[in-house]
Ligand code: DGL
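Next up: just one chain, as structure tokens, the form predicted on its own.
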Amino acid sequence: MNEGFIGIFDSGIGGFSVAKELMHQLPYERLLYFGDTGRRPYGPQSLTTIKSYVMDISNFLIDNKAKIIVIACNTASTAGELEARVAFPNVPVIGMVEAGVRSSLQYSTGKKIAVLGTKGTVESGVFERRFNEIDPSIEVISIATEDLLRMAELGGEVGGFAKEHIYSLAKTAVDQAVDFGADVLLLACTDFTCIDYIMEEAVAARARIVDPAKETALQVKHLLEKTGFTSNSEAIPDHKFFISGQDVKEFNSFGSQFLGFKIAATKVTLDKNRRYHYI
């Protein structure tokens, strides 16, 4: 188990934010990253459908020697984190929801928090329930930002959409949160990392932005240390990247730029019978 991989997956490139934090916190651990670009966006799809994706990808990661699974996607965490923990009792599973909630509570002084996420995450009410369980006095507004997230998950400025258009979408969501009185904006989708500079500009210091990627990485570090599953190697780790869609070139380009080293993803087709076709 010590020399297994940290398995991490997202609907696309947003999970690189968590991967980068994991590399910082655990520099000798090997990462096994799966970007499910062939089935994105997750947000508009049913949670039942997303749950099946979680199971498919978790099986793939485990079959490729993952010693822990990180669901680096809020929608997927909402849909299938609990089920994955039951289905894979011998492999720890960590999602994004708890990290986001804990980080937000740490920084909010006014007890009003805005959650920006996908339609699926917002409609599930998972964040409201978790905040209420910890502190019933917390007020939460959840804002679905589908158009903004479509831009973000493609890396930002794409398809003729200028920065001004993305900024306008971001400001609309941020203004709604600020008008509510929120002093914390929880970015409940890792794809926001791709447009973090635009989000900062839209917020303009009116509230604190919380990205749960760092807290998630710290949870993974703590769990590996607690279970004794940390790597014994001090060699440069050989990270592996896989993708389900055709956009391998774009995936590699963004990932290399974001992570700071060249990556080369392999396209793979998932099979429910756990037969994988590599291209």
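A residue's number is simply how far along the shown sequence it sits, counting from 1. Predicted model only: the values in this text are computed from it and were never measured.
Below: the form predicted in complex with ligand DGL, not depicted.
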Problem set entry | Close approach of residue 153 to ligand DGL in the model of the complex, 4.5 Å, heavy atom | yes
Exercise. Any of the heavy atoms of residue 245 lying within 4.5 Å of ligand DGL in the model of the complex?
Worked result: no
Exercise. According to a 4.5 angstroms non-hydrogen atom cut-off, is residue 42 in contact with ligand DGL in the model of the complex?
Worked result: yes
Exercise. Is residue 189 close enough to touch ligand DGL in the model of the complex, meaning at least one heavy atom pair within 4.5 Å?
Worked result: yes
For this session: Have a look at 198-206, 74-82, 135-143, 171-179 and name the one stretch with heavy atoms inside 4.5 Å of ligand DGL in the model of the complex.
Result: 74-82
